[in-house]
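Just the one chain here, the form predicted on its own, laid out as structure tokens.
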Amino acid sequence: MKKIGNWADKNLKYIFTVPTIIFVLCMVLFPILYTLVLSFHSWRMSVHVPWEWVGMQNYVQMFTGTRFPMAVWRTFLFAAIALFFEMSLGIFLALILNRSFWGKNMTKTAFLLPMVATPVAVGMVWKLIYEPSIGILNYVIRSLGGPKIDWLGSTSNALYSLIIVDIWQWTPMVMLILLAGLSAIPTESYESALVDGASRLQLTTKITLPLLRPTIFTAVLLRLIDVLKTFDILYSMTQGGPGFATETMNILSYRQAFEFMEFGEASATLIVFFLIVMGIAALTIKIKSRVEVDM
């Protein structure tokens, strides 16, 4: 027993970490490998019909068709616009809430409320807000003399209406991350600049934003990965419609799998989507590391 106890003491780090590593590998690596293998087969989710090897056929059909390129375009358009406004508004709100004023904590809490709601619930509420006939948004617009707008039923408005919802819900997350970064900036930098006669604008542009760049890149990375994977708001509000107007790569793969039962094609779409997200994340991390080195 003493030998077992000594062995356990020496290998305690492995005893606690190895089960966790095995669990993570099973929960993450196995689904990826399963999806990769399935992407080279044709399968319609039938216990009576086995997998049929088709090689690269699913990938060829995906790249030669029209739905996948358009889904990629919508995914990046959704991510780019949402990320731009979330970062811009997040930085603006963080700079304001970093100051001392009456009701600061209550204001912070109010801004964080959209983030704590579940995306599906947010989608349902905004679907009612966007409703053309009884929605409060069109009611306000008509009260001001404006026209009735079909926010989710128009192919030209639907995607941008969903972007507004994503910005509304997730800008507080960016603000929260940046507030943490602002609290870590040393006050000595500001004191030295104030002694030299720097204005408030110069303090923001010359000290705050440069020192906040690593935190900004962290927020960009987290939101970029998350916004590219957005599914719940899109599906709960439009299911990819009208037509294919809001069909992103996530929605496309879902439709291929659970509407058309083409699990091989859906797996191929997900593998390409996974590689795109990983590539963008790796590029962002590389840029972030270079920025930190330059600082």
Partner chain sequence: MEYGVSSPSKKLRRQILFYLFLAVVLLLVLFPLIWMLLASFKTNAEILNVKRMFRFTPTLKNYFSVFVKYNFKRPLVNSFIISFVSTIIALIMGLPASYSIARERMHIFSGIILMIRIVPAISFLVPWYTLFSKLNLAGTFTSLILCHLIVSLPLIIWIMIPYFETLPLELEHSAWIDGCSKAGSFLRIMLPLSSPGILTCGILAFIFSWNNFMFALVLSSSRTLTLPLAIYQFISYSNVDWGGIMAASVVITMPIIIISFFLQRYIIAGLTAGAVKG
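Positions refer to the first chain, counted from 1. C-alpha atoms forming the largest set that superposes within 1.5 Å between two forms make up the rigid core. Note that the structure is predicted; figures quoted are calculated from it, not measured.
Same protein, other form: the form predicted together with the partner chain, not shown, and the subject of what follows.
By the criterion of a heavy atom within 4.5 Å, residue 184 is counted among the residues contacting the partner chain in the predicted bound form. Taking the partner from elsewhere, residue 85 is found to have every heavy atom lying beyond 4.5 Å of the partner chain in the predicted bound form. At least one heavy atom of residue 31 is located within 4.5 Å of the partner chain in the predicted bound form. The partner chain in the predicted bound form is approached by residue 254, whose closest heavy atom lies within 4.5 angstroms of it. Here the chain stands by itself, but in the predicted bound form one stretch of 76-84, 187-195, 153-161, 127-135, 127-135, has heavy atoms within 4.5 Å of the partner chain.
Residues 97, 177 and 236 are all found to lie within 4.5 Å of the partner chain in the predicted bound form, as judged by heavy atom distances. Annotation for 272-289: interface residues with the partner chain in the predicted bound form are 273, 274, 277, 278, 281, 285, 288 [heavy atom within 4.5 Å].
Once the rigid core is used as the reference frame, the Cα position of residue 278 differs between this form and the one not shown by less than 2 Å. Shown in the overlay between this form and the one not shown, fitted on the rigid core, is a CA shift at residue 210 smaller than 2 Å. Once both forms are overlaid on the rigid core, the distance between the two CA positions of residue 26 between this form and the one not shown is 2 angstroms or more.
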